[in-house]
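Starting off, we have a lone chain in the form predicted alone, written out as structure tokens.
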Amino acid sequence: MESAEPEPSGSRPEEEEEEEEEEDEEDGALPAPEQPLAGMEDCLAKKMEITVSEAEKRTGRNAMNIQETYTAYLIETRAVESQSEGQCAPVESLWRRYSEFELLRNYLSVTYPHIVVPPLPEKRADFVWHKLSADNMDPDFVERRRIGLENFLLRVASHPVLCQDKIFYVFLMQEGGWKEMVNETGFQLKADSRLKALNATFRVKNPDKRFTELKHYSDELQSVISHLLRVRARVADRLYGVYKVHGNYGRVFSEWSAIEKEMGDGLQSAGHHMDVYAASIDDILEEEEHYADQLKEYLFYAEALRAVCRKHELMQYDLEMAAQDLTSKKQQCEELATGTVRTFSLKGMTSKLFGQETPEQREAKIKVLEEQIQEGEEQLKSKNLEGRDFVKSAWADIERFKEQKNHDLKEALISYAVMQISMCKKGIQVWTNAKECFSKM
């Protein structure tokens, strides 16, 4: 997986850097990202214990005054500092719906466009083996989603930037008035429309190669994990069948033992081992779903990576439009000052047909254009600085994400392999026990 990831450019001499900065301001290009910043030691996760302790099915009325059934989750928090001082810290608790978690994540995505915001667990089950319910009200699915929501909160609380957000803190500590506080931030007005994002993707003239490669990597990562989850679901279906067939062994051995005198006890014992083995598959595949959920988290992280790339494309598009507008105004000012028209325009044809403008009119227009050019140069400079800050911050967070991803996926895949080995060993042990039963007959 790592080979497809783009790496930031190395450091350059100061003289070359200054020269390239001057060129960047003219053509709208962005600089190479700097190395990631060090993580903060005082993140919220180290100051507060955060758990989503339980889920509860509720019935209420939505905004359309229609009765609906939903699941609410109990968030409990406890200060760590009080515990270290030997005091019993009080537990703060409140209930949140899944839609409130979605609102929080949307707010974080818009407010921090340069950050790979942790994803939420799936709202409805996907990539499941056919014996497992895909109903979003199924108790097993709700339990896994509870774990996923807790993981989301811990991810945000451990992030060096997101953990300091006031709205996130209020989400954890204040049940009433939280939605109103989020809406007052006006974050929805800052959100870019989907159409504008699509237009920017196809119209950016000088896309940053690193972000283009990162977007391709995220697409490939999502494709690989999706395929892996589909394979796992198919294997789980077949494994379920194999284990349940062992139940037939148990039934046959039990029936056989009833008609045998000398071999009866051995057959009965072997049948018991087979029954226990067949029944164990339900717990095994339920445990597998927890490993699958860890992979699904990075399936959704791939979309978070693409979101950062799209936001960069929008900034680059705005930068190029500002540079193009400034160039156009400079050309107009030059044409008015020299009285020559370089390109065909309706305005130039009108001047030829109805006569040139008076010197006073031309001077007034030149003055207005010069003011607009000055404003455009300031705007272009501001967008360049904004772009540089975005790339620097985004790449620092991408480097942090890559380290986290490598650690988490490695740990999840190793744990999954260990579980499979343990499962196979139990199967060998069952047949070893059955062999001993047969030997004693």
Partner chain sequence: MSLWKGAGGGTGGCCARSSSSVVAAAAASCASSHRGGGGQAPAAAPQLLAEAARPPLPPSLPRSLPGPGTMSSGAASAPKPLPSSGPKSLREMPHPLATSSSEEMGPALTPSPDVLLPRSIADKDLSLPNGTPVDTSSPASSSSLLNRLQLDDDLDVETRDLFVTVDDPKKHVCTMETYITYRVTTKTTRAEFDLPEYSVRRRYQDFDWLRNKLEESQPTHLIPPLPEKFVVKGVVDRFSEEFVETRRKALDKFLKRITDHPVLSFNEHFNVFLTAKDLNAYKKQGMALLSKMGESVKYVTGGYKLRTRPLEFAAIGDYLDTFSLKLGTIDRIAQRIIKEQLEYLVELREYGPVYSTWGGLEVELSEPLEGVSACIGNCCTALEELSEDMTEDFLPVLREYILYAESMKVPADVEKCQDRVECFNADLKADMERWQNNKRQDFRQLLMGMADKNIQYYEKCLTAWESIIPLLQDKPETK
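Please read all numbers here as calculations on a predicted model, not as lab measurements. Residue numbers count along the first chain shown, from 1.
Below, we turn to the form predicted in complex with the partner chain, even though it does not appear here.
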| item | value |
| --- | --- |
| Non-hydrogen atom contact residue 45 with the partner chain in the predicted complex at 4.5 angstroms | no |
| Contact of residue 259 with the partner chain in the predicted complex (heavy atom, 4.5 Å) | yes |
| Contact of residue 400 with the partner chain in the predicted complex (heavy atom, 4.5 Å) | no |
| 4.5 Å heavy atom contact, residue 413 and the partner chain in the predicted complex | yes |
| Among 102-110, 159-167, 237-245, 142-150, the region lying within 4.5 Å of the partner chain in the predicted complex by heavy atom distance | 237-245 |
| Contacting member of 154, 182, 267, 326, with respect to the partner chain in the predicted complex [4.5 Å, heavy atom] | 267 |
| Contacting member of 322, 278, 263, 369, with respect to the partner chain in the predicted complex [4.5 Å, heavy atom] | 263 |
| Residues within 4.5 Å of the partner chain in the predicted complex, restricted to 410-441 and counted by heavy atom | 410, 413, 414, 416, 417, 418, 420, 421, 423, 424, 425, 427, 428, 431, 432, 435, 438, 439, 441 |
